[in-house]
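Taking the form predicted on its own, here's one chain by itself in structure tokens.
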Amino acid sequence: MKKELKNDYRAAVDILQALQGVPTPKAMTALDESFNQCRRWRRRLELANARNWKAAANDSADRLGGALDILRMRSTHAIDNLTRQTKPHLEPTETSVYRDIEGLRGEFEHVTIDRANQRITVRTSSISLEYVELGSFEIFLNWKFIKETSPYDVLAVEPNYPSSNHSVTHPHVQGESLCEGEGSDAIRRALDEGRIYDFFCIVDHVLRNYNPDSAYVQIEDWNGVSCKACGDNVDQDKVVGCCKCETELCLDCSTSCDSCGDRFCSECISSCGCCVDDVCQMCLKSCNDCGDSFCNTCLFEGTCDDCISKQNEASEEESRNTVQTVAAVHAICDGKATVPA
């Protein structure tokens, strides 16, 4: 016990030194780098468009979009930093950090300190959201990086992955990163002020709450998949993917092609212009004459029934005209026909 108290106090001293010894990252410098990235990709996009290099233009547009997105995030981070600087700031002490560590040992059952790797690990109790059991999570704080943007990781002890995404262990945890949502400012402020106890409690609180607007996977889809057509939740083994666009559907919202038997969404299946059977766009063929779409069964050598009928009628009409012409010629030759005066 005495050894543990001693270790906790030394960790408190280390954390305080990390807070005081590492300069705050220069958010404005990162902002300048993002501006330069955006300018560079904008120039390449303009050049590619001017020279009609379509592939290069598409690539530059994608990269410019990514650079703008990073610029947006860094701008938000810079604004948050400026806001924090204007607020009253608590100065941590060795004693306050040590008391926080002792508070953690009273709040959480599993707290470990690894001074060699400069890390505090806290394990939460089991977490359940809307009747979905997610299990316990370990929160690792790397105090060496405590002044950086995200100095901690969140890891599921026994992950209960959603059926649709095995990189997500919690609606707000992807990989080992927590989407902090509205808790972002409180988390950053607790770290800046060395309030270790508050930091772990806030992260634990975020893990115990669910915001559908910022979820990587909706909790109602955890054990299944939402049909994109009707919205019903479907077990993973009963989901049907459209064979063309891969949209996930329930069986009732997918349609089987009467030609190939594969299933499609309503956007990717049509009907034969003759028999009206459901036929996918890949199995539909165009009539050589009228250009309308038909299934293979309703085409004869590339022509639909209507066009064949019209061709037959035209052929019969031509035959009749030929017979009448021949008969008229024979009548004239035999002297039976009336010859105009």
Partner chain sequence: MKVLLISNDAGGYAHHVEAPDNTTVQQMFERHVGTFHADSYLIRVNRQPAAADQPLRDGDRVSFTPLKIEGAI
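Positions refer to the first chain, counted from 1. Note that the structure is a prediction, hence the values are computed from the model and not measured.
One more form of this protein should be noted, the form predicted together with its partner chain, which is absent from this view; the next part is about it.
- Checked against its partner chain in the predicted bound form, the residues Asp114, Asp185, Asp232, Glu220 give one hit for a heavy atom within 4.5 Å, which is Asp185.
- Screening Lys144, Arg195, Arg263, Arg123 for any heavy atom within 4.5 Å of its partner chain in the predicted bound form leaves a single hit, Arg195.
- For its partner chain in the predicted bound form, the listed stretch (249 to 257, 114 to 122, 135 to 143, 95 to 103) containing residues with heavy atoms inside 4.5 Å is 95 to 103.
- Contact check for Pro159: every heavy atom lies farther than 4.5 Å from its partner chain in the predicted bound form.
- By the criterion of a heavy atom within 4.5 Å, Leu90 is counted among the residues contacting its partner chain in the predicted bound form.
- Residue contact with its partner chain in the predicted bound form: Val168 places no heavy atom within 4.5 Å of it.
- Residue contact check for Gly181: one or more of its heavy atoms lie within 4.5 Å of its partner chain in the predicted bound form.
- Along 188 to 220, a non-hydrogen atom within 4.5 Å of its partner chain in the predicted bound form is carried by Arg189, Glu193, Arg195, Tyr197, Asp198, Cys201, Ile202, His205, Val206, Asn209, Tyr210, Asn211, Ser214, Ala215, Tyr216, in order along the sequence.
- The pair Val217 and Ala67 is tighter in the predicted bound form: their Cα-Cα distance falls by no less than 3 Å compared with this form.
- Legend note: Cα of Arg74 to Cα of Lys147 is at least 3 Å farther in the predicted bound form than in the depicted form.
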